[in-house]
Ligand code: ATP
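Form predicted on its own, single chain, as structure tokens, below.
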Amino acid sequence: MTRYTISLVNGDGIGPDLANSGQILLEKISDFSGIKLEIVNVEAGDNALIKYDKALPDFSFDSIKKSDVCLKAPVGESAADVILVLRRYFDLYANIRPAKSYPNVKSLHPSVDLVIVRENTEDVYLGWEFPIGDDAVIGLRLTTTEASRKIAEYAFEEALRRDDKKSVVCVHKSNVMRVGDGMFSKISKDVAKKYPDVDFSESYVDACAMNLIRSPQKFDVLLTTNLFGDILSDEAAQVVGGLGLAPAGNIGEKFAIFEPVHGAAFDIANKNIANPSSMFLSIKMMFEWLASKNKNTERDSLIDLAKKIEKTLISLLEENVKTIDMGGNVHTDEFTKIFLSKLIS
């Protein structure tokens, strides 16, 4: 029997609340299923910066390196010194952010089921900004053929894995950024030729942002660059009911980090009202990724477990068991307890 080591970054703000809910879920799964999990708690973020003068201390980094996969709760103002470092070190080139309509959750459309596939290692997020005198700054944006091709191929493979539309929309702004986004567009079109069963189209990012509001149900897989993907994924999350239901994966060839999309939300920290659904759905994605890397008989068990987590959430929402952000009155610890009870029943 395989034992998976999961490094769990506790984070800041509501991070510890979500990490606690996630850990309780993982421990329960380890106790009541054939999937055995070892959870290693990791300090990183604002609190770690205060304690150790480093947002990602070396011992925390080492713990993550030794794990099979990482689950990360939201981090505060030092987020760039944690997640960006980890993305680059592990070459987590694909940022995967699903947005899906769930029952009894107020959304702009009841049948949205899309995923944003975002290049995760380049663009302006490299932080290459340089002052020019005292009153100007120049920022550099990197786009390479290798990264563009890898993320395009991931998007088309993702479209094939999905059950419904099997379409990819490449989102860019090549009418203004003619060289960089022009290259991203060309590579995407070249990759599309290898996938005749996937419908391919393109959209300028401003038009895409508008259509995510006007007709989000028409989208399947959105392929885009780092900055555009970051913005569109938050918009898509709000379209389907808010960031409390928004998971994400940072995925490379050999390692992955899964996390709620939203930030640390310091204004509701320590109030027991954070929505753990985003953490539970991130764990669902984590099990799907572990299944994709698993060639033995546990693969089906991992997939079934991922499906059961989502089905449990859907069942609770159908019964109107909802946290405060979704219009309900259930607190974080109570929601977690009810979720676990239904999961193992």
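Quantities reported herein were computed from a predicted structural model and do not represent experimental measurements. Quick note: we count residues from 1 along the sequence shown, nothing fancier.
Omitted from view is the form predicted in complex with this ligand, to which the following refers.
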{"item": "Contact segment among 23 to 31, 274 to 282, 62 to 70, 311 to 319, judged by heavy atoms lying within 4.5 Å of this ligand in the predicted bound form", "value": "274 to 282"}
{"item": "Contact test in the predicted bound form: residue 325 vs this ligand, heavy atoms, 4.5 Å", "value": "yes"}
{"item": "Contact of residue 244 with this ligand in the predicted bound form (heavy atom, 4.5 Å)", "value": "yes"}
{"item": "In the predicted bound form, residue 190 touching this ligand (heavy atom, 4.5 Å)", "value": "no"}
{"item": "This ligand contact at residue 268 in the predicted bound form, heavy atom, 4.5 Å", "value": "yes"}
{"item": "Contact residue in the predicted bound form, chosen from 182, 103, 252, 263 - any heavy atom within 4.5 Å of this ligand", "value": "263"}
